[in-house]
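Let's start with one chain on its own, the form predicted on its own, as structure tokens.
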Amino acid sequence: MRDWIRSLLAGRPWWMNALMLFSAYMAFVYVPWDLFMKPVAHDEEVWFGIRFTGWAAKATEPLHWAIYAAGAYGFHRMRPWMWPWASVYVGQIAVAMLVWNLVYVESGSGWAFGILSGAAFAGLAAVLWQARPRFQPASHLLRERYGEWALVTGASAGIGADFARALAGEGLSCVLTARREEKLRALASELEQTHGVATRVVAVDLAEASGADALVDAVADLEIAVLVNNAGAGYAGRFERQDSERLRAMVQLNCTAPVVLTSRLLPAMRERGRGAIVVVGSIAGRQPLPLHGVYSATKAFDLLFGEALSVELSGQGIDVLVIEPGPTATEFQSVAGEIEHRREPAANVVRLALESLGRQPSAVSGWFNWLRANVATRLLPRPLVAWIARDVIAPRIPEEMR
């Protein structure tokens, strides 16, 4: 518990931790009590010093709740959108304190207290305004944080290719690996010409039992600073209609390969005292997913593996992140045997991953995906979630595989 609290409060000054805890108290204790328990006749809310009572006050409380919930989350994850909105909201409180005491407090001390309290909150608003750099991703390049070389699996297309482009843009030389050597070489040429970085192409099939070890042996002379475990595959359809060998290969690719690669490359990172490990999971790993049952199980494995590793390596200079996209504009759907449906650009997933690296153990890409990954599984019984998921997935599966 002590270590968890220390981790929760790390990375912020004490006053910002106080604001985070206060926002959490307001969002999860006070405002719900105010909204659901306080009698309407006794309810009061204040905006810009203007007093609302009764049902008018009740009507404003959901907005208050949303603001404090966003504040608790924003301080916890140090989200960029917290600037300037945290400062603006505290500025509103400064105005409210001044107006309230001038208008509604009848004693002679109202003027003095209004000026003092308004000034105090105005000062806090100014401090939050000046805290913009704290809410921004680290300004120095990933190469300076972690080292020279990145290894990206599944780099021939989709999320892997975009990871390679983004990392090369940060100055990292890239090892590109996948099965399709011609696509890897085309990407390597692009990275060298566009970003001036070194590259190495290693064509290997990580779905084979020897693939991960062969890859590590091929880069034994390099100091791998960033490992992106991106290679993965899906397989859609009713379980008894799926091919056993293809299922075996998917488990090998999605689960065994990341474990072996991480196991063999991590010791050198530990010796250097810095490095980063990214595991590309999926929101499918947050729940049972009928008609994608084995795939969702492999992604649950990836999520738990990565989050556990992030705690083991905390404070040792090695950042671990599980990035969890939803449907993404890659080759995944066609390879998995799904019917095409709306998808998120792969570049969005990569952007969030690099912004979140070093800040949190896992991140879900896209607000709607976050709702699907968290709200349903936390509020509804797991069996019901599985039935709902089946109804969502079924229209994406060809009739002959349902």
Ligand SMILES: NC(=O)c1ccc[n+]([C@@H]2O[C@H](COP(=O)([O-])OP(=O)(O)OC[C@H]3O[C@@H](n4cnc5c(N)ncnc54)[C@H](OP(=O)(O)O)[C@@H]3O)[C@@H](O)[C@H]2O)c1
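Numbers for residues come from their place in the sequence shown, where the first is 1. If you're wondering where the values come from, they're calculated on a predicted model, not measured in any experiment.
The protein also exists as the form predicted in complex with this ligand; that form is not presented, and the subsequent description refers to it.
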- Task: State the residue from 128, 231, 174, 269 whose non-hydrogen atoms include one within 4.5 Å of this ligand in the model of the complex.
- Result: 231
- Query: Between the options 307, 205, 144, 213, which residue brings a heavy atom to within 4.5 Å of this ligand in the model of the complex?
  - Reply: 205
- Note on the structure: Answer among 156-164, 218-226, 260-268, 85-93 for heavy atoms within 4.5 Å of this ligand in the model of the complex: the stretch 156-164
- Is there a heavy atom of residue 253 lying 4.5 Å or less from a heavy atom of this ligand in the model of the complex? yes
- Within a 4.5 Å heavy atom cut-off, is residue 299 in contact with this ligand in the model of the complex? yes
- Taking 4.5 angstroms as the cut-off for heavy atoms, does residue 328 touch this ligand in the model of the complex? yes
- Query: Does residue 59 reach this ligand in the model of the complex if we count a contact as any heavy atom within 4.5 Å?
  - Reply: no
- Message: Residue by residue through 165-204, which ones have a non-hydrogen atom no more than 4.5 angstroms from this ligand in the model of the complex?
- Response: 178, 179, 180, 204
